[in-house]
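Quick setup: one chain, the form predicted on its own, written in structure tokens, and binding and motion questions come after.
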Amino acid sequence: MLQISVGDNDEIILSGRFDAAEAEKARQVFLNLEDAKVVDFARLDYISSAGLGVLLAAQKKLSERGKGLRLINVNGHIRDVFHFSGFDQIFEIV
């Protein structure tokens, strides 16, 4: 189950599993973003291709305005997913 919350610094905090079953909930959050955001992956255990698709759609929409998502605290496994998919070239991962 994916939980999405907002942190003290207005960052988006993802917890749990970001998969196809949770993609619609996340899409409602990410596709309504109007400004650049930091997304904290510290509590995220898993991301599927559906989750990647939601993030990519949000990044594309934001980049049209010269903005984007900045991903922080990405664990090794999820970092590998971003690397092997080429998404590490699309997102700023810190």
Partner chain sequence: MSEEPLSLIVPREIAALEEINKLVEGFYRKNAASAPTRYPIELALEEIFTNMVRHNAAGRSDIRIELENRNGEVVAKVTDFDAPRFDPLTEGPPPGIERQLEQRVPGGLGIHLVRKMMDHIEYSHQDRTATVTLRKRAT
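As the structure is a prediction and not an experimental result, all values here were calculated from the model. Numbering follows the first chain given and starts at 1.
FYI, the form predicted together with the partner chain isn't displayed, but the following is about it.
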* Contact between Ile4 and the partner chain in the predicted bound form at 4.5 Å, heavy atoms? -> no
* **the partner chain contact in the predicted bound form: Arg65, any heavy atom under 4.5 Å** => no
* Does Leu71 reach the partner chain in the predicted bound form, with heavy atoms at most 4.5 Å apart? -> no
* To do: Look up in the predicted bound form whether Lys60 has a non-hydrogen atom within 4.5 angstroms of the partner chain, and give yes or no.
  => yes
* **in the predicted bound form: members of 72 to 89 within 4.5 Å of the partner chain, any heavy atom** => His77, Ile78, Val81, Phe84, Ser85, Gly86, Phe87
